[in-house]
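Encoded as structure tokens, the following chain is the form predicted alone, with no partner shown.
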Amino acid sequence: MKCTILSIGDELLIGQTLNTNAHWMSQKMNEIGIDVIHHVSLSDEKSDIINCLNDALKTSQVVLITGGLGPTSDDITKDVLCEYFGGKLVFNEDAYRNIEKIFELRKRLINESTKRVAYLPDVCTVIPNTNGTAAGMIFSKEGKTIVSMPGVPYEMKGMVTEGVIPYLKEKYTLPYIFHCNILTAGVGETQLADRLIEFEKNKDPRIKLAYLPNIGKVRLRLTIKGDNKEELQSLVEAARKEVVSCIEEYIYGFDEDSLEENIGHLLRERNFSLGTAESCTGGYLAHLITSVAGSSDYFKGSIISYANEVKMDVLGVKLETLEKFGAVSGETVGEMIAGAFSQLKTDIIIAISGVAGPGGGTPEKPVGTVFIGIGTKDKTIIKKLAFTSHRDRNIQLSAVVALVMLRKFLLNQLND
């Protein structure tokens, strides 16, 4: 079964508002076995709404519409759909009582514009709005389902969860769908694909494997869809085990796991404490580490030595080191590690210095040149890396690669 999502609102088209609704609805439809084939953003114009709806109904059995149900003059979706499906607007007592309840809590009076929200097409099934004033509407046409909901995200989400999904499950016989996400880091998608050639050649044809690269990471998604729940679960689990056996050293987790959480587990296993000394990343690495609840168990802090004066005054980097080798060098990173040990008194230190860009590069050290070091009091590893010409990407890559290096370092320590 196929679905099209129509997102109405000029604010989406001019880039004023990010369309997170379509992203979320796609996930929810996928979870119940409905394939979303189109996302369409369109203006608050009658002709656009009608044309896009006609096109959607040519290819999809389910159409989800958000936006244009409020009390203002630019909210025309309800009127357009009422006319499109041959109905007329009638006063809905339940919808009005919901508005009264909300306005009473807010200690506000209901004006005529707001009262108009309670008028709904007589040809729709009403979806109650437990989080706002504008009710949702379900229309049917030639066995197809058209759902109109407010564009306010938390209102739409309540309707989808409480009303739309139960309705679709009751109306249609939907297949089962199972996903398994295998999370990798420190390896590119091409290398992974090379390692998985035999798996892809011999896997059950019903199983789809997708490579989803992100900054410094690749998510592998196994998907299977069908009618036999137990068989599907068994097949996807067997496929997961086979993929793991091929690329185990790169895997840090599954589904909703994070690299930061995985590293936290490893640090706890060894009872190691961690600190960072950051230059070009400006604290972004520390931010990732502390995004994990409970990270205070192992993370002591970070020294953001963005300026050379801080490198010297706080971390004890020597002036001659900076003059001879530069702030972006393995020698400076090594001294940053030593200084951070003295200040933070942790078991492990990560230090980063680089040229994030867009300026500051030289022929010897172009933008994207980064040195990352990991050290204990007995052992230090420093790597020179070449990233991109884009500042934000260099900052993110530096932090992720530092975490990947730390993970490998910890695994080697744990295996000693």
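The numbering used is simple: start at 1 and walk along the sequence shown. Note that the structure is predicted; figures quoted are calculated from it, not measured.
Not pictured, yet referred to below: the form predicted together with another copy of the chain.
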query: Single option in H38, K46, K365, K383 placed near another copy of the chain in the predicted complex, where near means a heavy atom within 4.5 Å; finding: H38
query: In the predicted complex, the residue from A238, V244, L319, A307 that sits within 4.5 Å of another copy of the chain by heavy atoms; finding: A307
query: Segment assignment from 136-144, 297-305, 85-93, 321-329: heavy atom within 4.5 Å of another copy of the chain in the predicted complex; finding: 297-305
query: Heavy atom of Y284 within 4.5 Å of another copy of the chain in the predicted complex; finding: yes
query: Contact of K345 with another copy of the chain in the predicted complex (heavy atom, 4.5 Å); finding: yes
query: 4.5 Å heavy atom contact, V400 to another copy of the chain in the predicted complex; finding: no
query: L406: touches another copy of the chain in the predicted complex, heavy atom cutoff 4.5 angstroms; finding: no
query: Residues in 193-211 close to another copy of the chain in the predicted complex, defined by a heavy atom within 4.5 Å, in order; finding: A210
